[in-house]
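Both blocks below hold the same protein chain, though in two forms, and each is given as structure tokens: structure 1 and structure 2.
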Structure 1
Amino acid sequence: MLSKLLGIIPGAAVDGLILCAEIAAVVLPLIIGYEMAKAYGVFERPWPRLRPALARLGLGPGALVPLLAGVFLGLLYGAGILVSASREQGLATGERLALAVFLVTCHAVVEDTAIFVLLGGSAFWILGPRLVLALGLTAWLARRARRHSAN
């Protein structure tokens, strides 16, 4: 029994290495792409056209950089930008909550989706519902907050 179990280790290790290589082949270009986008200053641009959309989510223009960092990089890799930007931009408590609600539901969209697509999952069904839920929940919170302040 034990020798049989130990016997599968080499084969399993090779399979595990192949999985590592597949994930690396997908995620490494993402890391390089992010470094390039950062070098071109994509994250520092204000993107004025997005303001109305952000407002519907209860977010001011200052929340754009932390939102982008979270959505594309994830809570952990984006944490540095996320936390420092939300401090520097002086985000209000409500904005921070909206940002947190959006991002816990939907972050690291490329990387997280890619992992399960490699295993055979459907990108549409993995990412679509997350995006819809994040947008819906945040917009609903923002509407509720507006009503409260109107009363």
Structure 2
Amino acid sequence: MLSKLLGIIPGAAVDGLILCAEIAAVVLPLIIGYEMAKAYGVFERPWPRLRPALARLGLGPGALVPLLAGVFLGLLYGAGILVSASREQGLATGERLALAVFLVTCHAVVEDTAIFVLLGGSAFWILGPRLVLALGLTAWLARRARRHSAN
């Protein structure tokens, strides 16, 4: 029994290292691309076109960078940027909550989808339900917040 277990370990270690390399091949270019886009001001350009859609979600211009970071790179990286943007841009509590709800339900869209496709999954079944749920919950939260602020 023990010799059988010891015989499995080298193959599992090699398979694990291969999987780590595949994940790194997906994640590292995304992180480098995000940092380069941020440095060149790419995130400021889409704001005028996105203003109406994000406003319906209760998000203002200061939420764009953390939203894009969370969608592309994941919850942990997006959360770090959210905390930083909250301090720098003065995001309102309701805006931080709306952004957090969106990112909790729909984070790492590009990263996760690429990894699941790499592992043989379907992009539609990974991306579709998460996006619908995130948009629905965040829009509901924004409507609820507007109703409470009007009263």
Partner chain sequence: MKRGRKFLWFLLINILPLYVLSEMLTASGALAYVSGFLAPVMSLWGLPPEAAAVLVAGMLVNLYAAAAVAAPLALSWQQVSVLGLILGIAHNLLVEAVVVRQLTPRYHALTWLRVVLGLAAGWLLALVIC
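Counting starts at 1 with the first residue of structure 1 and goes up one by one along its sequence. Since this is a predicted model, take the numbers as computed values, not measurements. C-alpha atoms forming the largest set that superposes within 1.5 Å between two forms make up the rigid core.
Between the two copies of this chain, it is structure 2 that is the form predicted alone. The Cα position of G16 differs by 2 Å or more between structures 1 and 2 after fitting on the rigid core.
Superposed on the core, the two forms barely differ at A63: its CA moves less than 2 Å between structures 1 and 2. Fit the two forms on the rigid core and the C-alpha of L6 turns out 3.3 Å off between structures 1 and 2.
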